[in-house]
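One chain comes next, on its own, written as structure tokens: the form predicted on its own.
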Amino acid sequence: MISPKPSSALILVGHGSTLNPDSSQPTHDHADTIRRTGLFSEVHCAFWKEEPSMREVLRMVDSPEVYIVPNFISEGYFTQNVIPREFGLSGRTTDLGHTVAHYTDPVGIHPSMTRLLLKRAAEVAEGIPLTECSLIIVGHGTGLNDNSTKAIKDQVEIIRAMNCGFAEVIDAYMEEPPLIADWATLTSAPNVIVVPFFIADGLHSFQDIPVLLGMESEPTAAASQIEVFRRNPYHLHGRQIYYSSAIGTEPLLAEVMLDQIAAFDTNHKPAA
């Protein structure tokens, strides 16, 4: 846990969506959790596709110092280009005139994400021996930016090295090989645990991936429009699939955000 920062503000930055009502909810939830700790003088959210925008939110900050934390899964176009441009950042620390801004790494690349993934996997297939489970961490994938898959590949390597007992641990993607649609040939265990490495239960994790897995024949309504999330396990190809909600909805992600701020203070914050 970081020490209190009574003279500092915190801004959590999410992508947001004009199409899906669930996209921004985890960011708001984590902001509420951190706000209740009283660690910061103020806690705000900002979005690319929703209000308040990144440029607007800076006008809401009264503190002389602000930490900007990207609630994104990986490094990529938004964390490296869009967010710095919209906030007017020139580096890790930028004097914006009325406040000094510190820009942390995105939450998804922090080492603490590993324990969240393992926690989610254990919860979704409670009581099932790990030796009888294949774990798939699934992401979007894109040929536009190599960093879009790096966070997932890193987590897979870390979990493999931990020898947790899974029959196998693999990464899979919606739009590049290995494809999540090929899960049946990618895995061998009788039980397959699928954890979406996404920030929210939005269009991809709640609507697109279930179709690719064969759990649904067509995209369903948004998560907030369905009373019961999903009933595990799903019986497909003679095996059982346990499908979890997106890792970004895990309440403990708020702690990872604080860990990312602590890492910034240790590695990047200028000396007073």
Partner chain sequence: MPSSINSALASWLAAGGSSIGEISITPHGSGWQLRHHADSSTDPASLKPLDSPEALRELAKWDAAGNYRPLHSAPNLPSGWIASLPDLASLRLALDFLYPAALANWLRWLDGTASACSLRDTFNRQSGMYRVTGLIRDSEAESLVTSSCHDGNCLRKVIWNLDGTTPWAGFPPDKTSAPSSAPELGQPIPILCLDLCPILLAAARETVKKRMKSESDAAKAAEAQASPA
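Residue numbers count along the first chain shown, from 1. Note that the structure is predicted; figures quoted are calculated from it, not measured.
Another form, the form predicted together with its partner chain, is not on view; read the next lines as being about it.
Every residue in the set D29, W48 and V61 has a non-hydrogen atom no more than 4.5 Å from its partner chain in the predicted complex. For the residues H98, R115, K153, R92, the 4.5 Å heavy atom test against its partner chain in the predicted complex is passed only by H98. Note on the interface: of 209-217, 65-73, 232-240, 48-56, the segment with non-hydrogen atoms within 4.5 angstroms of its partner chain in the predicted complex is 48-56. Shown alone here, Q80 lies farther than 4.5 Å from its partner chain in the predicted complex, counting heavy atoms only. The shortest heavy atom separation between D105 and its partner chain in the predicted complex exceeds 4.5 Å. Interface membership of R85, defined by any non-hydrogen atom within 4.5 Å of its partner chain in the predicted complex, is confirmed. Although the partner is absent from this view, S17 contacts its partner chain in the predicted complex, with a non-hydrogen atom inside 4.5 angstroms.
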